[in-house]
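Consider the single chain below, provided in structure tokens and representing the form predicted on its own.
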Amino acid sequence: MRTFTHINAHTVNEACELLGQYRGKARLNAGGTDLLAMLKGDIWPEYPEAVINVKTIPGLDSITENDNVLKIGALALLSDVAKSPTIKEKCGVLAKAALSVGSPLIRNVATIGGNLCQAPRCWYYRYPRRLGGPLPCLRKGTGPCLAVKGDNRYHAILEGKGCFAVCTSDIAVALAALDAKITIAGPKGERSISVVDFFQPLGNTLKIDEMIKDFQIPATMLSMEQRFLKFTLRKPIDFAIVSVAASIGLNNGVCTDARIILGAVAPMPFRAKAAEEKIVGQPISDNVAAEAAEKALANAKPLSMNAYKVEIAKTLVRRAIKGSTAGLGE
């Protein structure tokens, strides 16, 4: 790695002030599982001048609940999220998503906030400098998306707009299904944004002097039937080829409310509103689930090598919907 300045931040305000001082040339370090890979590979067009350690900020790893909201600090470890009795009981979709990430060693250091902010897993974006990189691409500010005419097996099949790198955050998919809000801290105070709106086609909405402080899940979502399904080539460690998280409200077998989110198919978590509209007000059946799955992928536009993801996504959506009535996770 190249030389950089390492700074321990002791408050959220201090971390944000430091980010502002470095004017986009500093990176936050929480678990470091992605940051260190980016530094070692010298992936970014500009190497950061400073790394700001936020693990030294107390209280950002808490998991608390009151009458209206379940709050999870941005520094909560994925292993703690996966084994938290409260999250397992009331946010099973999030517990399963956390448990699906990486290996036990990774989950013991990776944070929930860091999982959302990880860099794209596109191999063109991550082409290391020592092998002739970094390659110019739209996500880095210049050039076309190299995946369009290249190896695009794992790229977007929905809502690709210039860049076809997908959002691979399993945590983001689960939180979006729970209608979670993100508290973002900055020098001008805090703001709240939904998980779905946090992501943009070329990254996220964080400004250069902002950081994620916590996540808040409304109590109204905690009683819904929840499912998380993930397809990978190898069950452990691998990032999703496709993932689906669903929160479905039921009354005597009839769907009263639904949030269905797809992961690894678009540059951001993709909310399948057409599928939700299909099942709301309907008794959940095989036919209804299958029709909803078709609607979820109706606008898919695969690239030259990833059409197979369409059928995988349909299958996971159908299983998530039908599984909501089974009383058993899949």
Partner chain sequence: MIDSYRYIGKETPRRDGAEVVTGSAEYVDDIRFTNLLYGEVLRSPHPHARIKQIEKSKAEVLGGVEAILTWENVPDWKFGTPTIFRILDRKVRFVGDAVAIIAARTKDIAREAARLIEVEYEVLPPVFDMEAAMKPGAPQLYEELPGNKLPLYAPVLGPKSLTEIVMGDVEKGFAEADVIAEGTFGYENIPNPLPPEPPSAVALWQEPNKVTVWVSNQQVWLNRKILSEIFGDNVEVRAIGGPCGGSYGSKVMSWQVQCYAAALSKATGKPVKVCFSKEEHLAAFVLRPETRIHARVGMKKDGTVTAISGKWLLGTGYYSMTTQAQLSVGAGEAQIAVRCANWDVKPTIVCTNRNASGIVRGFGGQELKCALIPLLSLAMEKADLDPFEVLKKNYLKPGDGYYWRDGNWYSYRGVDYTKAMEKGAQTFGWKAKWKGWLKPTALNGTKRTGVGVGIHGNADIGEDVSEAYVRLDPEGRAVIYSSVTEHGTGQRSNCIKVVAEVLQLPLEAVSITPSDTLITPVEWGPAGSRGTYAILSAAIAAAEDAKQKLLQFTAPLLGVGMGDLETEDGFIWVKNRPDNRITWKDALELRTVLGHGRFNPDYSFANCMMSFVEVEVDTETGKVTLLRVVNATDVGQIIDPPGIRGQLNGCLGTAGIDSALFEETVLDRATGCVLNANMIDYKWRTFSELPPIDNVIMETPFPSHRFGAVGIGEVATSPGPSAVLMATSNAIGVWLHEYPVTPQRVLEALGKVGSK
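Because the structure is predicted, anything quoted here is derived from the model rather than measured. Numbering follows the first chain given and starts at 1.
Not pictured, yet referred to below: the form predicted in complex with the partner chain.
Only one of 300-308, 59-67, 274-282, 257-265 has heavy atoms within 4.5 Å of the partner chain in the model of the complex; I'd like to know which.
The contacting stretch is 300-308.
Taking heavy atoms and a 4.5 Å cut-off, does Ala119 contact the partner chain in the model of the complex?
Heavy-atom contact with the partner chain at 4.5 Å: absent for Ala119.
So in the model of the complex, does Pro236 come within 4.5 Å of the partner chain, heavy atom to heavy atom?
The answer is yes: Pro236 has a heavy atom within 4.5 Å of the partner chain.
So in the model of the complex, is the partner chain close enough to Thr232 to count as touching (4.5 Å, heavy atoms)?
Yes, Thr232 lies within 4.5 Å of the partner chain in the model of the complex.
According to a 4.5 angstroms non-hydrogen atom cut-off, is Phe199 in contact with the partner chain in the model of the complex?
No.
Which pick from Pro218, Gly150, Gly203, Gly92 sits with a heavy atom within 4.5 Å of the partner chain in the model of the complex?
Of the candidates Pro218, Gly150, Gly203, Gly92, Gly150 is the one lying within 4.5 Å of the partner chain in the model of the complex.
Between Leu135, Ile193, Ile208, Leu250, only one gets a heavy atom within 4.5 angstroms of the partner chain in the model of the complex; which residue is that?
Residue within 4.5 Å of the partner: Leu135.
Output the sequence-ordered list of residues from 117-145 with at least one heavy atom within 4.5 Å of the partner chain in the model of the complex.
Result: Arg121, Trp123, Tyr124, Tyr127, Pro128, Arg129, Arg130, Leu131, Gly132, Leu135.
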